[in-house]
Ligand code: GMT
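Shown here is one chain on its own, the form predicted alone, set out as structure tokens.
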């Protein structure tokens, strides 16, 4: 069944915005009419006949100390729903997107076929925003009064249920990867004749990403093997990470390159991807690396254990255990056969479980189920 779907998300480089944008593109490619609603065009949003972008204009009112973005978003979603006859508004994050979507739904309550609201929780809305006293009630309201909730991993679904005591636990629909884009084509070969190993980190440089651990692990690796590190992304700890590299005397081996639109090329040009976070609700960047045949060094925390098979497609260590991480990285990179085998297993893991062709039907079935059910009151 072809549907008319609005997707509301953050347009930034974080995982939720990437997932929402990739979902919008995939739905459009499958024949659905998709309307992306945000204050900026998401950076991965491509062009397609079935894909439309609607900018939320946040107006400055002298009466308000802060611009009322949530209300502007609700008004834009209601306008799009009324103009095109939406079946579903899919909000990525409970706050503010699901709350604004529900307000838009209620504005249109006189419609014969009311628009339904689906919420996907990505992690920060649960682990930080949702559990904070100032936001707890509004997050719980969003998830109990919308028409359906999904989580990107079983770990996050369990955490959400534990935190908010919902009548129904979120449905688990994992993140996915475009296996036609993230491939092993022109994959970087194993180094020879003293060529350096290429290590990679991609994130928004928030404290939870533990970028200092990434620098320290690399410092240990380069003492044993010729190596370079590429740090992709921007965020609050970007400058301090550069300072740490300088303090450790490795600044000339660490490249901070900011945002990259050809991120799949960065994965294919690397021998090891490092994601050493306090926790990942899923770990989309790790999945994209796997699809490109790049083994992942990660932490045994959150949803990352559902993405990486420890010792098969990557290695997992306790959060903050830099010694373990460095030991695993050095052993893997120093053994050609082990690296080749893990690279093959990484690609296999991504393609057998997480290609978008496997995940998209699950979203479509969830939309249809929600669309056929009565509106929650």
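Positions refer to the first chain, counted from 1. It should be emphasised that the depicted structure is a prediction, and the values quoted were computed from it without experimental measurement.
What comes next is about the form predicted together with the named molecule, which does not appear here.
Undergrad: In the predicted complex, which of the stretches 275-283, 215-223, 96-104, 247-255 has residues with heavy atoms within 4.5 Å of the named molecule?
TA: Comparing against the named molecule in the predicted complex, the contact stretch is 275-283.
Undergrad: Even though the named molecule is not shown here, does residue 170 get within 4.5 Å of it in the predicted complex, heavy atoms only?
TA: No.
Undergrad: Would you please decide whether residue 206 lies within 4.5 angstroms of the named molecule in the predicted complex, comparing each non-hydrogen atom pair?
TA: Contact check for residue 206: yes, within 4.5 Å of the named molecule in the predicted complex.
Undergrad: At 4.5 Å between heavy atoms, is residue 271 in contact with the named molecule in the predicted complex?
TA: No - in the predicted complex, heavy atoms of residue 271 and the named molecule never come within 4.5 Å of each other.
Undergrad: Do residue 292 and the named molecule come within 4.5 Å of each other in the predicted complex, heavy atoms counted?
TA: Although the named molecule is absent here, residue 292 would stay clear of it in the predicted complex, with no heavy atoms inside 4.5 Å.
Undergrad: Suppose contact means a heavy atom within 4.5 Å; in the predicted complex, does that hold for all of 19, 124 and 152 with the named molecule?
TA: Yes, because 19, 124 and 152 each have a heavy atom that approaches the named molecule to within 4.5 Å in the predicted complex.
Undergrad: Quick check on this chain: which one of 160, 299, 175, 146 has a heavy atom within 4.5 Å of the named molecule in the predicted complex?
TA: Answer to the contact question: 175.
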